[in-house]
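Shown below, as structure tokens, is a lone chain in the form predicted alone; questions about how it binds or moves come after it.
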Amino acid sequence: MRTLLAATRAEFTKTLTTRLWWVLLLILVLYVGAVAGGLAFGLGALQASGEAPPRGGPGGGPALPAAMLAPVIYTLATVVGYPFPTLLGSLAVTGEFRHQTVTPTFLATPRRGVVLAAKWVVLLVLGALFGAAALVATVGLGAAGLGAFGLDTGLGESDMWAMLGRAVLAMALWGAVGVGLGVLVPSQVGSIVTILAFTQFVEPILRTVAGFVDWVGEVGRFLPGAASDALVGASFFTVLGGGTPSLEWWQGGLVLAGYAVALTAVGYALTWRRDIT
């Protein structure tokens, strides 16, 4: 336990003494805040005019109820923000190899599994921090946009706060997923390209197709982004997907955690135990 605590303190120090974490955090907050604020004012104006925005899915669908606006806007923190803690987690590992700090790290803590566990702890905490900060932006600007048109912000409901709590948990798990991916793909460029390609192109395309093809929808709900949305309980993709099946929130959490564990375990077996020169 002492070794893990010492390793965790060292990992916090290494991460927090660089500019990377707060630069990513600042970009995340500005990005999701701008998207949430713009969408809230746009959809709020549309709803107030009597022209409720339609749901997505095959053949369109019924109008999006006003009660769904707040959850969809607030959860943009996770829907579009999850690559940020994932990138931070990946860079926390790949940076060790790129800057050759992995050698002194292993000399200071020869038990490599302890080092990896410490990185998990740090990125779970920082992922949760990223989630909380992103929600401050989306909820603050989103509620302002909805309130400007007299629409319900939902902030007086316990279910809404439970959803926001699950969003923080989802972002924490994304930090751990990033650690696992960084261990599996220790090349910093390769890891970044993998994250951006999958989160910005591969999974969005698969989830769009899932709204039209039943069997793809059955498989697609187990994708990491879909599992994250299920854990949170609402997302823009869920609305656009129409009848696409979704996991229960606890199932989504287990699937997302499973990705983090699986990536870390495979990476530990294939790369983390190799000799370091």
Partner chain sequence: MPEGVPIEFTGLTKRFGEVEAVSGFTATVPPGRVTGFLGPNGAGKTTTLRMLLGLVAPTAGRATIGGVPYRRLDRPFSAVGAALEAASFHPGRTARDHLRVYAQAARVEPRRVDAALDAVGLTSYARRRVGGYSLGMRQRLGLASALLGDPGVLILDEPINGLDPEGIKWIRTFLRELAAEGRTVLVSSHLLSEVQQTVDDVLIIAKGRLVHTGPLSGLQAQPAVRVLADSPDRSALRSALQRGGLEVEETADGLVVTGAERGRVGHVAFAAGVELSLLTQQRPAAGLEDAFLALVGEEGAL
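A quick note: this is a predicted structure, and the numbers were derived from the prediction, not measured. Numbering follows the first chain given and starts at 1.
There is another form of this protein, the form predicted in complex with its partner chain, and it is not shown here; the text below is about that form.
If you check its partner chain in the predicted complex, you find a heavy atom from every one of 3, 101 and 107 within 4.5 Å.
This chain is displayed without its partner chain, yet in the predicted complex the stretch 110 to 118 from 156 to 164, 110 to 118, 143 to 151, 196 to 204 comes within 4.5 Å of it by heavy atoms.
At least one heavy atom of residue 10 is located within 4.5 Å of its partner chain in the predicted complex.
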